[in-house]
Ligand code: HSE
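The data below hold one chain only, encoded as structure tokens and taken in the form predicted on its own.
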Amino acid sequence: MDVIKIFAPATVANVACGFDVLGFCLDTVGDEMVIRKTTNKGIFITKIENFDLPLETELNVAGVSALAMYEALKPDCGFEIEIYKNIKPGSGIGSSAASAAGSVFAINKLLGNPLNTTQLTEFAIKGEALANGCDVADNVAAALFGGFTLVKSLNPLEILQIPTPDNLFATIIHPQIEIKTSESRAVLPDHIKLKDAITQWANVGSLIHSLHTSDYSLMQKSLHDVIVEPHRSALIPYYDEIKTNALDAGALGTCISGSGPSVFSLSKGLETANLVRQAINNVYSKKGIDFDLHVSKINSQGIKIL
């Protein structure tokens, strides 16, 4: 195989209480990428459609992650990368992660799968660092492993796959504004109260248990963020109205996706997820801000070959 076309999915990171460690993968939103072998050695980004992003390998997250992997494996060929970008940069649903994870996934396939998924995640993190200014794995892990993932450790890297209840759906609103991850990190406090930390730990543990047991009632009681949301929600226009209307429509929980501005809601069943979608639409359609709304089953596969 000399060429491969893939779907690199959008992802939700943090998942309310799991700041920088929890993530899940979406099924209906994502980029497409075409990667082909070339006789010219090196990594070359030859096309990017829909958004004005750098073609220079060292300045593009897909190029940085691919180049790190390329230099480690030293294959006797090169690779050209085309990116058909459908996830807006700065959207909070893993735009950079899709590119960073997609390039290493595809190159690994073209080379006959010499690396496992954890090793691919290590290289994808290097691309994410270009966008985020620090090493984070919650989005790229979800994209590569699929479903729900927990970043147990960055050094050494350890990713845990968490079961996904069969009837769990996500509703995502993406207001058409940009919030850079660096800016959203800057609003976070350096210190937190011990009582808040204890509450957050309890929520993370109970959320993981609810996913293992498909306990939607426990999930509803666990999808709360007492540390990050109070600070970042001020960056998202009409956040409180989005959340109130989503919960009133039956959402199990609503919180900020990644660093924002996207906001996710989890629901039991597609019917409820669509009711949540309508409730959010009723709020935002009157606010004068362009937005996208998506309903998606949790993608248990991750990146897909097209």
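Please read these numbers as outputs of a predicted model, since none were measured by experiment. One-based numbering along the sequence shown.
One more form of this protein exists, namely the form predicted together with this ligand; it is left out here, but the text below deals with it.
The three residues Asp27, Ala142 and Thr149 each lack any heavy atom within 4.5 Å of this ligand in the model of the complex. Only one of 181-189, 152-160, 72-80, 207-215 places residue heavy atoms within 4.5 angstroms of this ligand in the model of the complex, namely 181-189. Of the candidates Val136, Leu168, Ile236, Leu223, Val136 is the one whose heavy atoms come within 4.5 Å of this ligand in the model of the complex; the others do not. Using a 4.5 Å cutoff between non-hydrogen atoms, Asn245 does not count as a contact of this ligand in the model of the complex. Interface membership of Asn132, defined by any non-hydrogen atom within 4.5 Å of this ligand in the model of the complex, is confirmed. With a 4.5 Å cutoff on heavy atoms, Asp20 counts as touching this ligand in the model of the complex. Contact check for Ser259: a heavy atom falls within 4.5 Å of this ligand in the model of the complex.
Along 212-233, a non-hydrogen atom within 4.5 Å of this ligand in the model of the complex is carried only by Arg232.
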